[in-house]
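In structure tokens, one chain follows: the form predicted on its own.
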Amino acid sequence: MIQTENLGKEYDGLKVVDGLNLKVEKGDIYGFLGPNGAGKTTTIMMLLGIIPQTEGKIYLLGEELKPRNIELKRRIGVVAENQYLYREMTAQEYLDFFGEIYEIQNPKKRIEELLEAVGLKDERNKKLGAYSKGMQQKFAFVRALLHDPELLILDEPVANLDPNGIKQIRDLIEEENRIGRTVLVSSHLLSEVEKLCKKVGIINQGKLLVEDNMDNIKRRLTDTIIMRIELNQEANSLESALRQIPYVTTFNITGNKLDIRLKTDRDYRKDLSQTFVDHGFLILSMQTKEMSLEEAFMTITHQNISLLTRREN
């Protein structure tokens, strides 16, 4: 659905996007992430044909993107971070206008369904200039979905929304994906990306560092994991033994419960279990404490970028 080949953009000799090879498959909800200034917005602007690339190729929906390929662009729905609406028009007038442009069959039904999905059905006769930023953001989804696009490109889609609005949009994205729509999401709200996205690509300094599923991304972004363990008795006597284990980096003991941070160069759970058995303990439970995407993303620095590009064992 989206594929780039060595995509690049240069401004005054500075490469903002450098050799980018994205691949968004049909049916994906794909999270496109990176620190501020990483090149995300520039990439999206090139995908939409708003700015030309310096080098490389872009393929959308199986076709190479060309400057005047209007029919291809009609198959795409877009929600930008900032909305530019005709402020003197009512929501209904605006949608009727775009319904005619896109030659939508039965536009009245389609408009009503979408307005209801985002909680704006009763606001249809209000002028868009009177809409709050949150209402404008939700309205942008109605406009983006109005012509039944095959592909959605969303740049900060839940900006300016309260928790209820965020859930409405999340539910809408999931429903649209369920019926076959492919979605690219760029967002700073990582908790939402984690809930929505099946696959993630992370860009830094214009280069794609990694493209993988969520679990593998989080695993790559740290060189340790935390194991939460419950034993059959108080475990203070284990302190000396744990200090001598090279793959244990830190630990905390509270009664019969332990939080132990392990290196991730290999799976040490069997070794750790044997240590407990050798010291006369029974394991009641052992669980990995999952790192959130937000916690993982915070580790992206110039010092540990190598974690993302390391090879999996």
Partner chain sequence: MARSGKITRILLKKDLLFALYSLGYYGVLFVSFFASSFILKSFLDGIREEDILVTAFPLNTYLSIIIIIISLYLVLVSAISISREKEQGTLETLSYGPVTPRSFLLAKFFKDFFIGIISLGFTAIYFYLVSSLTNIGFTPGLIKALVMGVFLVSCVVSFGLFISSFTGRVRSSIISLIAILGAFLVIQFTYNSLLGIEKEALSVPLFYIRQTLHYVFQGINWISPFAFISRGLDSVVLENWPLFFTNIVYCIVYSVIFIALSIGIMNRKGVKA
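These numbers were taken from a predicted model, which means no experiment stands behind them. Numbering follows the first chain given and starts at 1.
Keep in mind that the form predicted in complex with the partner chain is not shown, yet the notes after this line are about it.
Joint contact, 45, 89 and 97 to the partner chain in the predicted complex, by non-hydrogen atom at 4.5 Å: Looking in the predicted complex, the three residues 45, 89 and 97 all sit within 4.5 Å of the partner chain (heavy atoms).
Candidate from 219, 198, 108, 73 lying within 4.5 Å of the partner chain in the predicted complex - any heavy atom: Result of the distance check: 73.
Contact residue in the predicted complex, chosen from 80, 231, 225, 120 - any heavy atom within 4.5 Å of the partner chain: Only one listed residue qualifies here, and that residue is 80.
Interface membership of residue 93, the partner chain in the predicted complex, 4.5 Å heavy atom rule: Within the cut-off, so yes.
Heavy atom of residue 181 within 4.5 Å of the partner chain in the predicted complex: No, residue 181 stays farther than 4.5 Å from the partner chain in the predicted complex.
Distance check, residue 241 to the partner chain in the predicted complex, heavy atom within 4.5 Å: Residue 241 lies outside the contact set for the partner chain.
Contact test in the predicted complex: residue 215 vs the partner chain, heavy atoms, 4.5 Å: Residue 215 lies outside the contact set for the partner chain.
Which of 167-175, 204-212, 131-139, 81-89 lines the interface with the partner chain in the predicted complex (heavy atom within 4.5 Å): Every other range fails; the passing one is 81-89.
Stretch 99-125 - residues with a heavy atom within 4.5 Å of the partner chain in the predicted complex: 100, 101, 102, 103, in sequence order.
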